[in-house]
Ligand code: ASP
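First, one chain by itself: the form predicted alone, in structure tokens.
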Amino acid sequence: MCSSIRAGASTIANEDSLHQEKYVLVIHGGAGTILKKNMTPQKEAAYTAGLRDALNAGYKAIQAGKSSLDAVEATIRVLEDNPLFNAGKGAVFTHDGRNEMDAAIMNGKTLEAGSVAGVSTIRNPITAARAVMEKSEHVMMTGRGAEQFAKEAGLEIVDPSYFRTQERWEGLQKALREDSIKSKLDHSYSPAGKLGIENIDNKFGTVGAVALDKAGNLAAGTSTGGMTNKKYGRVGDAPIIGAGTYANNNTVAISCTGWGEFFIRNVVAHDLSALMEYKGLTVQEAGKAVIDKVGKSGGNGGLIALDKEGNAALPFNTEGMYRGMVTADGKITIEIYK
């Protein structure tokens, strides 16, 4: 396999290049203010290696003839186990000093879906989401109920301390200090302030994958630790089918990352599929349209989308988005910056 990483103009985002290749797996590791000037060479290399490991895991599954669901789950498990990403081991902390994770997965062939939200003891939430889809009559489970179900389903349960990383803990302490300063100031809040987020990048950080297998079936999955300093059991778009995650063999598979409230309000993932199905837009046109809509309503973020022909789109309106893709012949491309 060959791989590349480029700064500056996005090769991945170039629509002409997208039409020339058939992609079988696309991933993201979150969007936000990701600037090369703030990235050390060592950390950039670590992120690149993490994305490549995830792509290799999913591609290996597809090459072995496994389903797109298998590829999506394998890919996201690698990212959940990597503390660099805000999912699983790298999940951020809530206001109360907990790690609460959400995940969803969807089968484009059958429109079956599963998700979990607010879980704190399941090592790989994406696997729990798949178990909800395949081993229950439900679509979404939350909190302790989801954890009990996962345990009964034989999934790996860990002590909550497993998810603690020093970097994420320090991120919470910074957010708490900013909250303390903010509470002493007499000024009107922006929408970000109303949500308890002065630094809106606290909410960016999700991992996701979309895949097309050899049988022509699509699947999508998303996993996240949510937003730093979140309160009141807040849940974002990642585990909500049609908002942050969606897959339909007739159109496209999508995984979103960004300010979840805006992706929920705009039903972004399903809207992208609907634009393709009802208006005949290409995946690139539909992807741009929905991210433009998010931006106009005040939100930030991005998404990855893969259509039934293997055409991909990776639009985002932030300074960067960790992203990568692999073609049917194994060519890997990874990018970070705008």
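Quick note: we count residues from 1 along the sequence shown, nothing fancier. Nothing here was measured: the structure is a model prediction, and the numbers come from that model.
Although not depicted, the form predicted in complex with the ligand is the subject of the following passage.
Problem - Contact of residue 265 with the ligand in the predicted complex (heavy atom, 4.5 Å) - result: Residue 265 lies outside the contact set for the ligand.
Practice task
Using a 4.5 Å heavy atom cut-off, state whether residue 86 contacts the ligand in the predicted complex.
Solution key: Contact check for residue 86: yes, within 4.5 Å of the ligand in the predicted complex.
Handout entry: Close approach of residue 259 to the ligand in the predicted complex, 4.5 Å, heavy atom
Key = Judged by the heavy-atom cut-off of 4.5 Å, residue 259 is in contact with the ligand in the predicted complex.
Practice task
Please check if residue 226 has a heavy atom lying within 4.5 Å of any heavy atom of the ligand in the predicted complex.
Solution key: It does: once the ligand is placed as it appears in the predicted complex, residue 226 has a heavy atom within 4.5 Å of it.
Problem - Proximity to the ligand in the predicted complex (heavy atom, within 4.5 Å), stretch among 159-167, 136-144, 246-254, 218-226 - result: Selected stretch: 218-226.
Practice task
Would you kindly say which of 109, 95, 123, 234 lies with a heavy atom within 4.5 Å of the ligand in the predicted complex?
Solution key: When the ligand is considered in the predicted complex, the option within 4.5 Å is 234.
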